[in-house]
Ligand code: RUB
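Before any questions on binding or motion, here is one chain by itself as structure tokens, the form predicted alone.
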Amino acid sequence: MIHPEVRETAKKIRDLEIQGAEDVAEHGLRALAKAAESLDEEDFIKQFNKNTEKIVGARPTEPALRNGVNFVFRSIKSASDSEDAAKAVKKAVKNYIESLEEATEKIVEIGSKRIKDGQTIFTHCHSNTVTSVLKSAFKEKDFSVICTETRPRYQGRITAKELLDAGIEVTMIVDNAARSFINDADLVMTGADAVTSDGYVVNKIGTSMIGLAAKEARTSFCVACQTFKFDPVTLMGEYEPIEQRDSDEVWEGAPHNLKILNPAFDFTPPEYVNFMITDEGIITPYDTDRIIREKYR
């Protein structure tokens, strides 16, 4: 049986009422902890599995959530009964969320030092990690930001509003204008929803085109993300799933028989990424295999 809070949280994640890898992981895991309190003694693991499948299935391209679920599962292996297991789940969820928060704090500390006075930073979509880095840097430095609108759900507006509220000068451009303005930027900084073992960055659709434009324009491109988003399943040859979203997001009431494709993410090759800002420090995409093996094996 799916717990009501799990069902509601999964819907909010699927509908993008909850978005951003860290927020998805936090809300998803908290819902699982709540569900664990009311699961039956005899079928605890079976029911907990069903609830985790519901949460993880809401956004399949979110290893921060999947790694959190695996972390939680390891915590209940030695539980003596359902009450003990529920307590273990609650504690594991708390520890994992705290680890996510600590990782973000490290990235903000490191990343804010990479921003210099007078620079223009280019970003795409909305990343809590990126905006946190920029707001922290703005306490001591003066710079401006170019952000894309990020169709079809316009998450760039979230970025623009958040940075404007912090006092940062922001210019918004349509997604297709990225190449036209990439030379005006000193640094491109995006977040990531996932990173594969061979260094491919999975982020909002359009990121790979911006990465290509930055490489051609010789504008430095960096990714700010937690190592919790590094996906261990890719070590075994699994492909990172790309979520296909509803066509109504692109064109509601579109002509009959028109085929609309609406992928949520794309893959940015490691050769487009100059460096990554992580809780492990400044790395290159080619370091991800080593970190995944050290962290998750």
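One rule holds for the numbers: they count along the sequence shown, beginning at 1. All figures in this text were calculated on a predicted structure; none of them were measured in a lab.
Heads up, the form predicted in complex with this ligand isn't pictured, but that's what we're talking about next.
Q: Name the stretch: of 120-128, 212-220, 170-178, 75-83, exactly one has residues whose heavy atoms fall within 4.5 Å of this ligand in the model of the complex.
A: It is 120-128 that comes within 4.5 Å of the partner.
Q: Hey, in the model of the complex, is Phe265 touching this ligand, heavy atoms inside 4.5 Å?
A: Yes.
Q: Contact with this ligand in the model of the complex for Gly191, defined as at least one heavy atom pair within 4.5 Å: yes or no?
A: Yes, contact at 4.5 Å.
Q: Under a 4.5 Å heavy atom criterion, is Asn203 part of the interface with this ligand in the model of the complex?
A: Asn203: yes, in contact with this ligand in the model of the complex.
Q: Is there a non-hydrogen atom of Leu16 within 4.5 angstroms of a non-hydrogen atom of this ligand in the model of the complex?
A: So Leu16 counts as contacting this ligand.
Q: Can all three of Ala21, Arg59 and Gln155 be found with a heavy atom no more than 4.5 Å from this ligand in the model of the complex?
A: All of them do, each having a heavy atom within 4.5 Å of the partner.
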